[in-house]
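Okay, so here's just one chain, in structure tokens, the form predicted alone.
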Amino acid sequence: MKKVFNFNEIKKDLNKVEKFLSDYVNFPHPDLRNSSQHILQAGGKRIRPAFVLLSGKFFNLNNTDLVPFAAAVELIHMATLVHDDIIDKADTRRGKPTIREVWGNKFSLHAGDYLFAQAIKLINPQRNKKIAKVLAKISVEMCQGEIQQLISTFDTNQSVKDYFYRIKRKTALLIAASCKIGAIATNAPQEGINSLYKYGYYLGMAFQIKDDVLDMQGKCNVIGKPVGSDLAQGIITLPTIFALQTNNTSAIKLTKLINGKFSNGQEDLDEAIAIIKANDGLKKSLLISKRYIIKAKEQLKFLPECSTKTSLEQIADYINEREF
């Protein structure tokens, strides 16, 4: 049995978010409705809406309904997944066919845009200006991260700093924003908003690093995609960067494999992953992820003592333990 994130404290509210999303994506256009339901039913960890809900519990246990805000951040995440699958030419996600595989690239491009627009509509910017401003800023940063990843594929000269630039924008900022939104919506003090935002940012960095490790050591039937699929697309992640920096013969071989875009297919990809593992690329990456987890937990000391703080501590500890 797979271990999952401990969201027991907000299980009922997460179920409300799931029901809300299911109802909300019941769009009039049949293909938009069916494609949106398709990606929603594929499942997911729902960590972004969970952080909206958990952050909201710190300062107002009887808070304003956070469900629409939690649903909105998940819709934005869904939109990015649809676009990612087009760029990566992915056929499956979470073990199921992607929207691009079923409906094609052109339709998927507009379907992703549609989901994003629906998320902004759901926020109701006129009434929730602060929250809309947070999501607008994060959305711009996310696009910058994705563009940087796109133009840096198969570039073996990338640094750790370059990698952090990308994952901050691709992943960490939306998780940080999710925490911030829950705090803003419940009128948290500025210190609380700042601490929750930083917690989400550090946790998001750790989360993406662990994801990049799983890309090379996870099991296909567990992570829901072929092992090494990111590397096959030329996405140079932290484990690969560490292996390339070893300056030994195997690092030279790894550089050649990447520069050759794995011309021999799976054989070259398997050899590259073996080199990365042999040079402790995965172990070194997990150590960096652990440092971010420690930083995330340090932010919790500025927050009120309650069961929610314990939940956030447990979630942080689970980041590097997870298998998917």
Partner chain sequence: MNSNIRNLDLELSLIIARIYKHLKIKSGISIDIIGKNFSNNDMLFFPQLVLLASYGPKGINKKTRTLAVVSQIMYLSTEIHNQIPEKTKVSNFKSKVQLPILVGDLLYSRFYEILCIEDCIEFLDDYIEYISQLNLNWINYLNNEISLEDICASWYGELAGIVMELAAKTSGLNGYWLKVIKRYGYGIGNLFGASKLGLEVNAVNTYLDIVNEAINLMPPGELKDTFSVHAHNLSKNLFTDVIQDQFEFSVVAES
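Please read all numbers here as calculations on a predicted model, not as lab measurements. Basically, rigid core = biggest C-alpha set you can superpose within 1.5 Å across the two forms. Numbering follows the first chain given and starts at 1.
Heads up, the form predicted together with its partner chain isn't pictured, but that's what we're talking about next.
*Asks:* Only one of 51 to 59, 295 to 303, 276 to 284, 29 to 37 gets a heavy atom within 4.5 Å of its partner chain in the predicted bound form; which is it?
*Replies:* So the stretch in question is 29 to 37.
*Asks:* Taking 235, 288 and 290 as the candidate spot, are all three within 4.5 angstroms of its partner chain in the predicted bound form by heavy atoms?
*Replies:* No, the whole trio is out of contact, none within 4.5 Å by any heavy atom.
*Asks:* Go through 208, 139, 195, 98 and name the one with a heavy atom inside 4.5 Å of its partner chain in the predicted bound form.
*Replies:* Going through each option in turn, the one that passes is 139.
*Asks:* Would you classify residue 92 as touching its partner chain in the predicted bound form, given a 4.5 Å non-hydrogen atom cut-off?
*Replies:* Answer no; every heavy atom of residue 92 is more than 4.5 Å from its partner chain in the predicted bound form.
*Asks:* May I ask you to check whether residue 125 falls inside a 4.5 Å heavy atom distance of its partner chain in the predicted bound form?
*Replies:* Yes, residue 125 is a contact residue.
*Asks:* Although its partner chain is absent from this view, report whether residue 203 comes within 4.5 Å of it in the predicted bound form, heavy atoms only.
*Replies:* Close contact is absent here: in the predicted bound form, residue 203 is far from its partner chain, nothing within 4.5 Å, heavy atoms only.
*Asks:* Residue 104 versus its partner chain, in the predicted bound form: is there a non-hydrogen atom within 4.5 Å?
*Replies:* Judged by the heavy-atom cut-off of 4.5 Å, residue 104 is in contact with its partner chain in the predicted bound form.
*Asks:* Even though the chain is shown alone, can you say which residues of 135 to 162 have a heavy atom within 4.5 Å of its partner chain in the predicted bound form?
*Replies:* Counting only heavy atoms within 4.5 Å of its partner chain in the predicted bound form, the contacting residues of 135 to 162 are 135, 136, 137, 139, 140, 143, 144, 146, 147, 148, 150, 151, 153, 162.
*Asks:* Any chance the CA of residue 99 moves 2 angstroms or more between the shown form and the other one, core superposed?
*Replies:* Yes; residue 99 is a residue whose C-alpha shifts (by 2 Å or more) between the shown form and the other one when the cores are overlaid.
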